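One chain comes next, on its own, written out as structure tokens in the form predicted on its own.
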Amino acid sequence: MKSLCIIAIKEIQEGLRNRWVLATTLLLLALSLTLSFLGSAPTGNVGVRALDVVIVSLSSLSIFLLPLIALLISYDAIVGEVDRGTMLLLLSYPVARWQVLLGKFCGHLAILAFATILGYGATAAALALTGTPIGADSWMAFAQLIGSSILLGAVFVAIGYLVSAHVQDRGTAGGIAIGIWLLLVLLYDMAILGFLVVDQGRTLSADMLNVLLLLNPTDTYRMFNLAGSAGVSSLSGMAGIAEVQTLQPPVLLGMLAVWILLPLAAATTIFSRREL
């Protein structure tokens, strides 16, 4: 446990030196404030609660931004240290390879969690300070947004480690990481939408659609946040999907956990067998 904490602190310190913590926090804060206040301006005219608009805006932002940030800070976590020769120095200490990888994961996850909580939390605090009425269910949905956003970041940190443990140079790792981001964030949903338009409900059942959604962590995250509460789902335009899909929040959260554990376990196995 002590070794894990030392390695995690080392990653956090490197993130501070490389300005990752500051840059990530400021980026999330600036974009969340901009989306929130621009998006919530007309809510008084249409009878929509301001924090529900914030949840919809930040959910859409998180789907695109958090996976990219997570991959950028994790794709060279192993291969980069191997190239620089620092991995051999690190492993010369009495520490197992799985401890190195798990410690790095905890450090990078702490960076993402800090940036997400501060960046998104400041937005809700700003709304509260302006005197905007916020209900208890909206606060609960916002807390779920922050927690699931951290889980989404953890998924892509784990995927970045899997890429970093498998390849032999940083350039290849970076290219694969960007390709994974494009596939899971953009191309996958476009393919499903295209198939739904062509299929017209003839072969793709609701159960098959549920499976397809679970096979993509960003879709799992989207369904958890945008189809969870009635106010948010109606505002996001996903009320119809929320009525059809049968995936409950515990199932969606459990699938996000699986998306974290499987790539992390695979990365640990590959790293333990890798020749340095």
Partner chain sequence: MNNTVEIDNVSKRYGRIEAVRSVSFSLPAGETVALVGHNGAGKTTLIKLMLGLIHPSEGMVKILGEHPAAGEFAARRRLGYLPENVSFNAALTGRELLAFYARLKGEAPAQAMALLDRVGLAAAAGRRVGTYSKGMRQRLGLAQALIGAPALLLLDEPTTGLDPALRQSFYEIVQELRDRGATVVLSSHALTELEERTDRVVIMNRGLMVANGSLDALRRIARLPTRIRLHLTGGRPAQMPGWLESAGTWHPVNGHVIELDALPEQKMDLLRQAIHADHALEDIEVVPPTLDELYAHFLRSQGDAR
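Nothing here was measured: the structure is a model prediction, and the numbers come from that model. Numbering follows the first chain given and starts at 1.
This protein has a second form, the form predicted in complex with the partner chain, left out of what is shown; the following refers to that one.
Comment: the partner chain is not present in this chain, but in the predicted bound form one of Ala113, Val95, Ala122, Ile176 has a heavy atom within 4.5 Å of it, namely Val95. With the partner omitted here, the residue from Val197, Leu89, Leu187, Leu129 that has a non-hydrogen atom within 4.5 angstroms of the partner chain in the predicted bound form is Leu89. With the partner chain omitted here, the record of contacts in the predicted bound form names 79-87 of 157-165, 79-87, 179-187, 141-149, defined by a heavy atom within 4.5 Å. Residue contact check for Ile270: none of its heavy atoms lie within 4.5 Å of the partner chain in the predicted bound form.
Within 4.5 angstroms of the partner chain in the predicted bound form, the stretch 258-276 places a non-hydrogen atom from each of Glu275, Leu276, taken in sequence order.
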